[in-house]
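Let us start with two forms of the same protein chain, each given on its own as structure tokens and named structure 1 and structure 2.
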Structure 1
């Protein structure tokens, strides 16, 4: 990995220049919650002032820029006896600025499924390859447990990654495109003092975590605790609303439906992100439902995150951002569930 020092004024120039030729998406404050905490979203920005890189976290992950909530997979034009199908991929370049390590880890999880596994998704690849990612280090967010899953640091999956050293950024470069971009402004070689400041900053961050989740042997534990009362307890609270999957950076499941225009001249095949907590997720024609209870669906979601995905890709799907825990109206959250499962086996 190549590192450079980028002073904040030069960084600003860089972003302002980038804004002239590509869409820049960055964390932006959109309001405050009931406790007075600011709420941020990743949104397109047109001036540097709109960007708030000191944000703690966002309600939604940035996955919507890679796997949108609604996406046209194909458009149809209907004729008398026939139809024509047309597929379009997005390839306008875009920059996402200010992603945290967990969210970049989330993209790496999605890459495994949507790029590197069987039947690579062209829709995703087109968006991913045309998105420049500038990540940034940050103080731990409330309830986040990324450090337990090793997703609090990333060494690839981005173009540039910044660590704030006060007046300058310690900048990691992971792509030629990132390198070319950075060369547009003045940068400096890393000196001993910079490295020391960087390591101090990293240490300070990793000491600041307050949420501790024990994921030791979790895949096997989940198998052993398949019938555990923990699932019954939390399953009984679940509203089957699917919000957890919507905000999760790594939940990618979906449903497909068809839309037609009123005059039947055209139509579209539309993909919509789904959630395995929704009641009809596994329901088939004739009405049979393979997971009729909220409990089995909630359990299934945790199994996919922490067991099924590990079996296939050697790491959990969950990156520990705790967005699902924060959004859940029923208070269902991974630190509590995993903690209780761990407690079960110690009984």
Structure 2
């Protein structure tokens, strides 16, 4: 890992230069919630003034730029005696600026499934490989427990990663293209004071977490508490709306449908993101539903996050951003559920 010091005026020059040649997506304030807190989204920006790198979190994760909610996998055109199929991948370069460590960790988990597993997705790969990631450190967000899962720091999966030191950024470089990009502006070697300021900043961020979640032995605990009344309590609250999966940076369940035009001249194979909390998620041909109750669907979502994914990929799928908890209309959130399961064991 290489480290450089990048002063903020030079950083602005760097981003404005990038905007001339690639699409730049960054956190942008779009409004305020009922409590007056700002709402941010990752959106394309055309000027540096639109960017707010001091944001707490975004409502949606950057997943939407790698796995769109709706995606055409293939288009078809039918003739009298033949047919043609067209498949398009995204090759246009893009920069996503200002990702927090937990969101980068989320992309690394998606990489395991959609790049490195047995059936890689060329659609995801095309977007991932053509997206330059510039991350940034941040103060803990409301309800966030990424520190409990070790996703509050990240050592790979990005091109550049920034830590704010006041008038400058302590910049980690993790790729050739990040190094090439940084060479477009003036940078400085890291001095002893820079290192001290960086370590102080990281210590301050670490000490600021107020949401504490005990994930010790959680995969085994989930098996032990499979029939716990905790699931009944929280499952009874679940509205089965699927909002949690849509804002989650790592949920990737989907369905595929065939759409044919009324004149039978064209068609498309369309992929749509889905949620394991929706009532028909486990419904099969013939109408049988293997998970007809909201309680069961909620439980298995947590099992996939903290048990099944661990078994296959050696880490939980959850990155602790707590977007699901903040967006849930019923007030369901991981810290409460995990905390109550841990309390069951101590009884």
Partner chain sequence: MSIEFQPYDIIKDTDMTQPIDFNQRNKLKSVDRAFKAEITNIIRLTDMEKLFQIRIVDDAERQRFTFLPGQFVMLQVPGYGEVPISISSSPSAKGHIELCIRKAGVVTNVLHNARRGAKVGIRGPFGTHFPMVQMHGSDVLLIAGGLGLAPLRAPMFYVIENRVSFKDVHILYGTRQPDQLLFRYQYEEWSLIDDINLQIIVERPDATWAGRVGLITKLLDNITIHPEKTYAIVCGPPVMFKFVCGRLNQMGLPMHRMFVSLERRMHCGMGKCCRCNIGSTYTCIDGPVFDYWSVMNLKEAI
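Remember, it's a predicted structure, so these values are computed and weren't measured experimentally. Numbering follows the first chain given and starts at 1. For clarity, a rigid core is taken as the largest C-alpha set superposing within 1.5 Å between two forms.
If only one of the two is the form predicted on its own, which is it?
Structure 2 is the one predicted on its own.
Please say whether, between structures 1 and 2, the C-alpha of residue 189 moves by 2 Å or more once the core is aligned.
It does not, since the residue 189 C-alpha is displaced less than 2 Å between structures 1 and 2 after the core fit.
Taking the rigid core as the reference frame, is the Cα of residue 82 displaced by 2 Å or more between structures 1 and 2?
Moves: yes, 2 Å or greater.
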